[in-house]
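Next comes just one chain, in structure tokens: the form predicted alone.
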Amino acid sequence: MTSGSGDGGSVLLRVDGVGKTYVSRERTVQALAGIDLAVRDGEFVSVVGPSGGGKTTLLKIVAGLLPATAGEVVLGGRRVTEPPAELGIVFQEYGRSLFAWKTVRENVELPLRQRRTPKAERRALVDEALEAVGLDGVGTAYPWQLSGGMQQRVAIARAIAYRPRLLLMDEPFSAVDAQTRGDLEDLLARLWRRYAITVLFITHDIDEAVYLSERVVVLGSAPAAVRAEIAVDLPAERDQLSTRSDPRFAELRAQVYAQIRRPPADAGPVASASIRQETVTT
């Protein structure tokens, strides 16, 4: 699976020493401890880690929705202090992100209206996005009339219609059944190739991370830091049957799982040919 960016692609997203500490009257909780991460233009990177380990906190900071306590996020050469215009986000709770009183077309069109995209261009972008996610015949329906999987397709269509440079996804398929999840994973892979979007994908599902990604970033338990970055060297073209039955898929899955399960005392660099602590320079 390749976006065409290759190893020589320039860095689009850089996370430098990002930390986050929540302070209240009752207690102080450190969620992130010095996260360093670089994502190349056109790359698909998944972030996995223990439940409650700070994955969503990291995504919110990257999105400009939550301030970091330490460090900085740089997108396209500019420091992120608020949600960037070139950013798209798809959340887990698709039902809450769609407006029930607006049609599917109106939901997809909304960010384009906010950007003041001309009407003819807006119509063309929405038509193409709905076709790309397989919903070209349901533009006049309302989200509540659709299945959960179709609602998530609407959320994805809204994100890609905007033509973001970076697409952030926070466990977007965890609320649907297994068959629908596989269909949505394959849809996302096709859209990533079609639009050459850079994707940062948050998931608790190791199999999903390995199946979709070019690289898997493993976070430790809170306070989270990067434990390992695992290059996924599976064939470029993947499918739910042959890829998941490939022995190499099982090996990569085991490597990711082992990193998540490592005790904190062992959380140093790992010397392995298939696990690399990767530094990306601009």
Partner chain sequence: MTARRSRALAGARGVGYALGLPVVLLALWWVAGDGSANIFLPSLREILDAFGRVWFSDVFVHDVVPSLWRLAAGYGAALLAGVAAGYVIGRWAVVRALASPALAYFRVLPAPVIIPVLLVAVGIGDTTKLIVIAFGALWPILLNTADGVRGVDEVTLETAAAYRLTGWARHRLVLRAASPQIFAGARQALGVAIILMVVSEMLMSTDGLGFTVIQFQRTFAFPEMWSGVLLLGVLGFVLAKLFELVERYALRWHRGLTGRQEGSS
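These numbers come from a predicted model, not from an experiment. Positions refer to the first chain, counted from 1.
Just so it is clear, the following notes concern the form predicted together with the partner chain, a form of the same protein that is not shown.
Among Ala254, Ala231, Leu65, Val29, the residue placing a heavy atom within 4.5 Å of the partner chain in the model of the complex is Leu65.
The listed set Asp127, Glu93, Asp177, Asp207 contains one residue whose heavy atoms approach the partner chain in the model of the complex to within 4.5 Å, identified as Glu93.
Comment: 156 to 164 is the region of 199 to 207, 156 to 164, 131 to 139, 179 to 187 lying near the partner chain in the model of the complex, near meaning a non-hydrogen atom within 4.5 Å. A residue is said to contact a partner when one of its heavy atoms sits within 4.5 Å of a partner heavy atom; Pro84 meets this definition for the partner chain in the model of the complex. For the chain shown alone, Phe99 is a contact residue for the partner chain in the model of the complex, at least one non-hydrogen atom being within 4.5 angstroms. Of the heavy atoms in Leu146, some are within 4.5 Å of the partner chain in the model of the complex.
Remark: Arg244 does not count among the residues lining the partner chain in the model of the complex, judged by a heavy atom distance of 4.5 Å or less. Within 4.5 Å of the partner chain in the model of the complex, a heavy atom is found for every one of Lys60, Ile89 and Gln114.
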